[in-house]
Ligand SMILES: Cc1cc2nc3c(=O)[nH]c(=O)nc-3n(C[C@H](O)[C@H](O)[C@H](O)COP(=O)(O)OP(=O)(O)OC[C@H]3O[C@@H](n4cnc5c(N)ncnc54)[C@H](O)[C@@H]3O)c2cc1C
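Have a look below at one chain only, the form predicted on its own, in structure tokens format.
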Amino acid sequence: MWRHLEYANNWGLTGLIKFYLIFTQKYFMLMALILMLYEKEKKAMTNIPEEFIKKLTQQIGDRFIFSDPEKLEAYNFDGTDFTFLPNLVVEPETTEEVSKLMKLATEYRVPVIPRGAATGVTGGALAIHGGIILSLLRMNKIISIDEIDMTAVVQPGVINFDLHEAVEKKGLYYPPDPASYETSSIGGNIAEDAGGPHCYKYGTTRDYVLGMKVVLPDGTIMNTGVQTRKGVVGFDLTNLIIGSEGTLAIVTEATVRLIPLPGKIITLLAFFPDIHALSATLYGITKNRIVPAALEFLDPASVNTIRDRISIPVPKDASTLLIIDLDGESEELDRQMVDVGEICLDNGADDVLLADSSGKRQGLWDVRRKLRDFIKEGSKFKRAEDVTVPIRKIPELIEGCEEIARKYELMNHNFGHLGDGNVHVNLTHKQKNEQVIGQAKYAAKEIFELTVKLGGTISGEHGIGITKQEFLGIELSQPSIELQKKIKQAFDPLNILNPGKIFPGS
């Protein structure tokens, strides 16, 4: 190097510049990449012809078509930290308007990204290639509630919480309740097959969608499934579209199954010394033929996060926490409450408390649903994953996650649905920089590998989107991925509906 410097002294100004460029080439390449990514986040990459906009305006009107920067900025995000600016935002009100949009998008090869309430955390509703954000929130009508067949027909923009309230007034119940149920939409829930705390007893969104009205990428309007409790005619396109993250079709109506509203709900809190004792309790409960509506666990870091946020006192030495919801009729429920309390104590619980009022119960669940946000408040960086393993493997998974987090000098909060093995792993750090982001990525990869080794899946309810694309092969074989790509191509041969999601390089 010193010889190079010696030569450089004889080169003059031009030589010094050349020398500087040679030895800083990698730096410039890195800066160019960063600038390119920055521009990718700030500018739409698709060019939408004026002719397209003119035709679209003629067909559906200009009242809910937007291209002004302020409106575009309001649609450039979701539940991740990424931002991508669309070229256009369209807010249709009818299935026919969605169909007209898709026919034009097919003609002009314009990407369309369906968007609900944008609460997803894997980037599924981001316009990563620019194009059109198709907001479905104006399609927010509960079209009908049938108390005899116990079904409801809803549009995709209906908020989950609003559907809960509407059917409960009629003595009915729609069980799927993701943590974001106060803000997430039914269309988004369908796109991700959303679950939630009560899916242990009642199942996920998939278990309650009987049929749908959808618009295909070429604008074709099609019905899938049935409006009855039974139906086995042809392939099950309804279940194929559920969980496809808006890449196969746009849901404009859904017929959902309802069940009778439980008569009473009791919530218990059990405090355990460790995750092993807590997990053993589940076996004791199911052995006694008791099926709780919800079994939510929090690890020590998560317990410390909520300790001062709930009205129910948390013992100072409490390590792990189990929230148990029991629902049913009063007499049976009282018996179950006593039995579950004894099972918890027999398996090493330090204490079992009753949320003895609806206010305390609601307050407890409000805190649990906001736990992800509380964790984020105490950190400058957070990466959240939602892996799922067989329930007997939960202790092994959590211990493995802790070890991996320590290896990469990260903090870790684990909480989730004990009954179905869905663990929300939250990797955090007090700083946010490229090194921390890289460490979290490596940690996530190892957590995914551990999860699959334990017989689990890398996503229980959040989907793949863009944040997990590169890890898809950890769980799925190449033949499986290729077959799924062919299904996508059959639905969307021009790749205009939510392109770039789920499959790497798509």
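The first residue of the shown sequence is 1; numbering continues from there. Since this is a predicted model, take the numbers as computed values, not measurements.
What comes next is about the form predicted in complex with the named molecule, which is not displayed.
Contact check for residue 299: no non-hydrogen atom falls within 4.5 Å of the named molecule in the predicted bound form.
In the predicted bound form, the named molecule sits beyond 4.5 Å of every heavy atom of residue 257.
For residue 462, a non-hydrogen atom is located within 4.5 Å of the named molecule in the predicted bound form, even though that partner is not displayed.
Not displayed here, the named molecule is approached by residue 196 to within 4.5 Å at the level of heavy atoms in the predicted bound form. Annotation: in the predicted bound form, residues 114, 117 and 372 each come within 4.5 Å of the named molecule through at least one heavy atom. Distance criterion of 4.5 Å from any heavy atom to the named molecule in the predicted bound form singles out 184 from the list 184, 336, 267, 151. Of the residues given (295, 132, 278, 251), 251 alone sits with a heavy atom within 4.5 Å of the named molecule in the predicted bound form. Here the chain stands by itself, but in the predicted bound form one stretch of 327-335, 280-288, 396-404, 175-183, 175-183, has heavy atoms within 4.5 Å of the named molecule.
Looking at 143-166, the one residue that comes within 4.5 Å of the named molecule in the predicted bound form, counting any heavy atom, is 156.
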